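This document starts with one chain, in the form predicted on its own, laid out as C-alpha cells.
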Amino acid sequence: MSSESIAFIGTGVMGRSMASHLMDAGYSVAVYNRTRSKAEELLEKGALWRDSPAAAAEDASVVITIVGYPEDVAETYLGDKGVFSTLPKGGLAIDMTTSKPKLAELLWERGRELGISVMDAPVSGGDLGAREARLSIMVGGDEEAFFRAKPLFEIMGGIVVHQGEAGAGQKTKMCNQIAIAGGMIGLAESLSYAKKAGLRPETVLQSIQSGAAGSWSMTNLVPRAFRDDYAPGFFVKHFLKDLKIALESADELKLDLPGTELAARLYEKLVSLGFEDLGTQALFRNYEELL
C-alpha cells in the first residue's frame, strides 16, 4: 500500500476509470462528486465517500480533480468548502480538468502561499483512453512536484510529459483541442463528400484511415457515428468549453485562429439543437444541416 492517500474529486466519464486504476494499484482513495450516484461504482469497490471537496482533502496527501468547467475548478479549490481550506501543508493538488491557463497559474500561486504543490495536468484520450489507462497527460508545475506525481500519472496514462511551469499543461491541452477541432471538421466534410458523391462512407474509411489522412478520431469516432452511436466519450458541451478557452487564450496572445473559430460556431449550433450531451462525433450526424 502506498504512503500517499488520495482524494479524487470528479467521478464522471473520465474520472471514474482514472480513480479505479489508482485503487487497483493499491492506493487508498476517498471520492467526492456533486452527484453521488456517479461514484457508486467506486464506492462498491471500496472507495470512501466524502461530502465536500474540503472533507475529501482533509485526510489526503494528494488531491486529484477532474470536474467540468473553470468555474467548477475555482469553486472546488477556492470555495468555502474547497480543497485549499483543508489540504495540509506539504500536500499535492493536481487539477486534471481542461481549464484556463491563467486559472492554473492562480491556483499554483495560492498553493505556494499555503505550502501546497499545485499542478495542472489535463488529459487527452477520451473515455476509451481512461478505461484502458492510455491517456496522454500534459503537465504544468514545478519539477519536484512532477516527480512526486509521476507514479500516479503512469497508472492513469500511457504518455506523461512535463511541459513546463504552471499553466503549461493547460496551454498544451489547448494545442491538442485546436488540432482536434480542425480534424473533426475535415472528417465531417470528407465523409459528407463521400456520401454526396455516391460512395459508401464505410468503404471509403477502409481506404483512407491507414494513410496520411488517418487519425485517432478517424479510427475511433467515425465508426461510432456509422453505428449511430453518439454516446459521449467527450461531451459536445465540454469540447465547446475547451474551444472557447483556446480562443480566449489566443486572443490574449494576439493570435488569429479562423479554423478554431469555425469549429466553435459549428459546435455552438449543435448545442442549440439540443445535442450538448452527445459525444463530439455528433458533428458528423448533423454536418450538412450545420452548414
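Values in this document were obtained by computation on a predicted structure and should not be read as measured data. Numbers follow the displayed sequence, beginning with 1.
There is another form of the same protein, the form predicted in complex with another copy of the chain; it is not shown, and what comes next is about it.
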Which listed residue (L106, I208, A133, L114) meets the criterion of a heavy atom within 4.5 Å of another copy of the chain in the model of the complex? I208
Partner contact for Y193 in the model of the complex: another copy of the chain, 4.5 angstroms, heavy atom: yes
Spell out, yes or no, whether the shortest heavy atom distance between M138 and another copy of the chain in the model of the complex is within 4.5 Å. yes
Does the 4.5 Å heavy atom contact test between A55 and another copy of the chain in the model of the complex come out positive? no
Contact flag, R148 vs another copy of the chain in the model of the complex, heavy atom cut 4.5 Å: no
Mind telling me which stretch in 90-98, 194-202, 68-76, 149-157 gets its heavy atoms within 4.5 Å of another copy of the chain in the model of the complex? 194-202
Give, in sequence order, every residue of 160-183 that has a heavy atom within 4.5 Å of another copy of the chain in the model of the complex, or say none if there are no such residues. V161, H162, Q163, A168, K171, T172, M174, C175, N176, I178, A179, I180, G182, G183
